[in-house]
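The chain below stands alone, shown as structure tokens; this is the form predicted on its own.
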């Protein structure tokens, strides 16, 4: 009888403390603890984030294993994020994961946070087919990645300045909506008219797959200054959110479809926190259907930072005997790398 492969995944790249258990490729638990303290500061405070991870790490590991009905002795390996992310946060999860694996006498697998976002599409079946183009959009990254096969990553486009999620947060702050901005703008946009204001779409002539979102943020600032110096009504706020969101989503969708067409790839996927945005999901689904493309979008709970995607990637690396040395350390600016 073949022994089950039971993977423990740990995610602490930013301000979410998350632990998941996956057995033979099937998810059995995914516990996520969010740190709401950062809202009062308008963004993540690194020192507060790392302290919270230290406090929560052991209780959440115990909770995830209990929910999955798994005892520590049954674990086959531990997977943890080594980058990119906040250095203090990364070190908490990475060092705990290495120590935990060493104590149990099992392998440790360090994973790339951005690769894990892509592999959130491989948590639930049906899995996307290769080759595929994945649009990864989050607070820190906006990337188009071509995968010709498993563990093959080719970065074909990325943002020159603000990431899409960063633009959402900055515009939300400008509008007085608070942090995190993405869900708040999405909620207001559902009540607004996306055609109310013609905000610009930046397509970067000469850089077909590149992105730039600093200009749209400035456009919202100027629009508010020139048209609403004394404040705005609820309907005006909803219309601004809907119009801003539409401008960002249009660029994301059109660039992804252009990459698919130019590269002759019929499979596309979404990943990252912004892929939970309702308009992005609906517009990408509509565009993919019209273009005859196969689209894979993770469940909303797998879009934001979570350990299920860490476990999913760790499981596949385990099958390839791709383990990490205990000397492996965190890299805050870790980039995508092909594993051929």
Ligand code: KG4
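Residue numbers count along the first chain shown, from 1. The structure displayed is predicted, hence computed values, not measured ones.
Omitted from view is the form predicted in complex with the ligand, to which the following refers.
Asker: Under a 4.5 angstroms heavy atom criterion, identify the one residue in 192, 93, 110, 182 near the ligand in the predicted complex.
Answerer: Spelling it out, the residue with a heavy atom inside the cut-off is 182.
Asker: Check each of 250, 158, 162, 186 and return the one that places a heavy atom within 4.5 angstroms of the ligand in the predicted complex.
Answerer: None of the other options qualify; the answer is 186.
Asker: Tell me, please, which stretch of 211-219, 226-234, 266-274, 198-206 lies within 4.5 angstroms of the ligand in the predicted complex when heavy atoms are compared?
Answerer: Looking at the partner contacts, the answer comes out as 266-274.
Asker: Between the ligand and 117, 139 and 303, in the predicted complex, does every residue show a non-hydrogen atom at 4.5 Å or closer?
Answerer: All of them do, each having a heavy atom within 4.5 Å of the partner.
Asker: For the stretch 156-177, which residues lie within 4.5 Å of the ligand in the predicted complex by non-hydrogen atom distance?
Answerer: Counting only heavy atoms within 4.5 Å of the ligand in the predicted complex, the contacting residues of 156-177 are 165, 166, 168, 169.
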